[in-house]
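Shown next as structure tokens: one chain only, the form predicted alone.
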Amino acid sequence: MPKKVNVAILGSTGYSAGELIKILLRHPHAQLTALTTRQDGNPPVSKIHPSLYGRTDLKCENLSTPEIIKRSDLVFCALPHGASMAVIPELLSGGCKVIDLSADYRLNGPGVYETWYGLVHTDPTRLGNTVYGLPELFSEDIKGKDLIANPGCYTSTSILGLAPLLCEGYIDSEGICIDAKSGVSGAGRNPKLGTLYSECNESISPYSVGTHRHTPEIDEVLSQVSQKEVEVLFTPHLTPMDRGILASIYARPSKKASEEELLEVIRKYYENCPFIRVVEELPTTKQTVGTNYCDITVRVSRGFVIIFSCLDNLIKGASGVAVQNFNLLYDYPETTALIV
């Protein structure tokens, strides 16, 4: 039987990390060897994520980077933006592969990163040279690499919805509007005023209008794959549910086509992608919660093409796609541990 890959997770207390642990515990080729936290006392991970009770005895430890390197072949870095780039160069120098769930290596240049994240990048030479970890578009580039930039949740929803019709020339690259709604877990686990129950329950609210950090990521990736200059208008909304993202995307058609024809274009574009479901009905977040699927459909109305794209922000938007990338890196079947 092949040796299992020793895996560490840095920043193991967040929602996405909790989902990642669940997936890796059932992965036949992964062995969790380290979970890190800045908390004192080495708490059992089942105390932080109670759904793991009885499934693992691992504790969360405040480990140094050399200690992580000793225990790991691959590291999932689930640290906050800015913290990942402080440790990833040393991890790579120590021989570890890294899948980074932060935004630190997603963008093409340090200037764009500094503008949108307000931080000076300390490892700028890797920007623009790191593979963007969206398997449906870059699977061949991901294989065998040492560092993968895991995509953002809103970005995956938006890019997966738009890429087929942009690349095949059915919609204009200008004037695209993305209206996206996300569950509260997308804001992370640290308490904030806007995500307190009494603030967000029974209420839906826009936020970061024109300033959301996923905007340049969407622009860059869609411009790359379509070979057209793309600049989207992206507006996110916080919705009173635990998890899930639904994006309603409005674009002008560049040639006449029926809904049936557009659906067929999307099906053909993703015909070898096991986690894209092109559906006839309008998707709902409940259809994808707890899965690694992205559901996509399209409508034509009043001179617009309207694309609906829907996924679970914690799985297909974070931990699930991270495991897809893990499977591609080590040449395992892409669906390993992701279809249950």
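Just so it is clear, the model here is predicted, and its values are computed rather than measured. Residue numbers here begin at 1 and follow the sequence given.
The same protein has a further form, the form predicted in complex with a further copy of the same chain, not shown here; the description that follows concerns it.
- Not displayed here, a further copy of the same chain is approached by W116 to within 4.5 Å at the level of heavy atoms in the model of the complex.
- Mapping the unseen interface onto this chain, V120 falls outside it, with no heavy atom inside 4.5 Å of a further copy of the same chain in the model of the complex.
- In the model of the complex, a further copy of the same chain lies farther than 4.5 Å from every heavy atom of P253.
- Interface membership of T239, defined by any non-hydrogen atom within 4.5 Å of a further copy of the same chain in the model of the complex, is confirmed.
- Only one of 127-135, 97-105, 170-178, 154-162 places residue heavy atoms within 4.5 angstroms of a further copy of the same chain in the model of the complex, namely 170-178.
- Between the options N42, T284, N272, Q31, the residue in contact with a further copy of the same chain in the model of the complex by a heavy atom within 4.5 angstroms is T284.
- Counting a residue when any of its non-hydrogen atoms is within 4.5 Å of a further copy of the same chain in the model of the complex, the hits in 195-232 run T195, L196, Y197, S198, E199, C200, N201, E202, S203, I204, S205, P206, Y207, S208, V209, G210, T215, D219, E231, V232.
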